[in-house]
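Single chain ahead, by itself, as structure tokens, in the form predicted alone.
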Amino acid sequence: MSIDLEVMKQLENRPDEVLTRASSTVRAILERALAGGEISREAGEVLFNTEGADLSAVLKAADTVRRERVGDRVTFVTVRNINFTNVCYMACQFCNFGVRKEAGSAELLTPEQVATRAEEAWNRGGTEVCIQGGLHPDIPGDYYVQLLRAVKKRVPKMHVHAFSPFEIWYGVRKSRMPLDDFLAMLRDEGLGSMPGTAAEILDTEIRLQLTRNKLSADEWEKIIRAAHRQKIPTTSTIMYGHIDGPSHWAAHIDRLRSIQKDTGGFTELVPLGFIHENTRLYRNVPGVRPGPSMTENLKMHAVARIMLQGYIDNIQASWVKLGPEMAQTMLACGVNDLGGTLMNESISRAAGAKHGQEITPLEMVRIIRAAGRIPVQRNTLYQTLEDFTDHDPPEIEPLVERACGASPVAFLTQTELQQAARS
């Protein structure tokens, strides 16, 4: 990991010591945040541009705010990702997941196949299935309803977290129903919550280059607000590290905060670093960066914590995007959640992610304990299911066989593993 070691070393000091070394401008912003004040978009942009002693102060302040808002518990959810189709004609530049329906690798699962995967997840301790897929041209208008009915019939207590705003937009077109009516129907058929993906960067100029504005920022917000109006909670996301920068990041987070002030429907923020290797965006668009730097990852999670405090208090690190080691590092910079165990993962892998498809609950617990924090299994809506302060989850084999030596806890030292072990 390429991180300024001096910046990280400062995190071992007391907050007041770190803050004293910051510039007067940054210190004033952080003192306001530490007093519980709201940080403006402009101030957020200042924090995104910090380096050296100023950056150390931002990271330390984020950790302090995290402790005050949510304590030392680090949560995770036992979930299975189910991508029901990889057929998609939207041709988003940053995505390498979609194929044409004639492709040899094309796949479209039946509702019963999706239900079978959900049942497998339930039998492995899963409490949630995250169901998403491409925008297949041939699915019927009631396909999303069929998926919900099949899953809820097979595993009635499984929480279904499904359908991004882009999929909802597509479902409305396919079903020819008004947006609110379509969402209410999905809710009544068992949709428990929605992923707030497809947000990318909520900026018109950037989105035109990423997606040709197929789903505008205003349309994304309209669908999210409608979901919240129908009592369907959602996550919120930001995808960064491509053709964007600090001004876009601060504006995006400010927009999420404005929505949350009105609706209260976001459960968490999930920053998603751009995975560049296999994407058309990186190959074909001049000036596209190969994903965020490690320092930008630190800034994103920390500044989000500071700007969103009191509004969205769960900040998640995506171990799929960052890798388990970097995700653990984020726990010192404002993060309080490590996301899901996943069991399967297709979309990030298609773009070039190399961090595996699953971290088992026991591995999650060991990563969290090795960071000196309290591991807690939650459900989708952040209600506590089990506190692992003094015991371990059962050990299970990964659902998908791993390549030799590809353990997500391999980065931990033998001493850390021993300290993390509980029996």
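This one's a predicted model, so the numbers in the text were calculated from it and none came from an experiment. Don't overthink the numbering: it's just position in the shown sequence, from 1.
What comes next is about the form predicted in complex with a small molecule, which is not displayed.
Q. Looking at Q309, T75, T235, T329, which has any heavy atom no more than 4.5 Å from the small molecule in the predicted bound form?
A. For this set of options, the contacting one is T235.
Q.
Exactly one residue in L191, V114, C130, I223 has a non-hydrogen atom within 4.5 Å of the small molecule in the predicted bound form; which is it?
A. In short, C130.
Q: Indicate whether the small molecule has at least one heavy atom within 4.5 Å of a heavy atom of G196 in the predicted bound form.
A: Judged by the heavy-atom cut-off of 4.5 Å, G196 is in contact with the small molecule in the predicted bound form.
Q: Please run the contact check for Q316 against the small molecule in the predicted bound form: heavy atoms, 4.5 angstroms, yes or no?
A: The answer is yes: Q316 has a heavy atom within 4.5 Å of the small molecule.
Q: Spell out, yes or no, whether the shortest heavy atom distance between E268 and the small molecule in the predicted bound form is within 4.5 Å.
A: Although the small molecule is absent here, E268 would touch it in the predicted bound form, with heavy atoms inside 4.5 Å.
Q: Answer yes if any heavy atom of H252 is within 4.5 Å of a heavy atom of the small molecule in the predicted bound form; otherwise answer no.
A: Contact check for H252: no, nothing within 4.5 Å of the small molecule in the predicted bound form.
Q: Given that the partner is absent here, state which listed stretch (179 to 187, 130 to 138, 299 to 307, 106 to 114) has heavy atoms within 4.5 Å of the small molecule in the predicted bound form.
A: Flagged stretch: 130 to 138.
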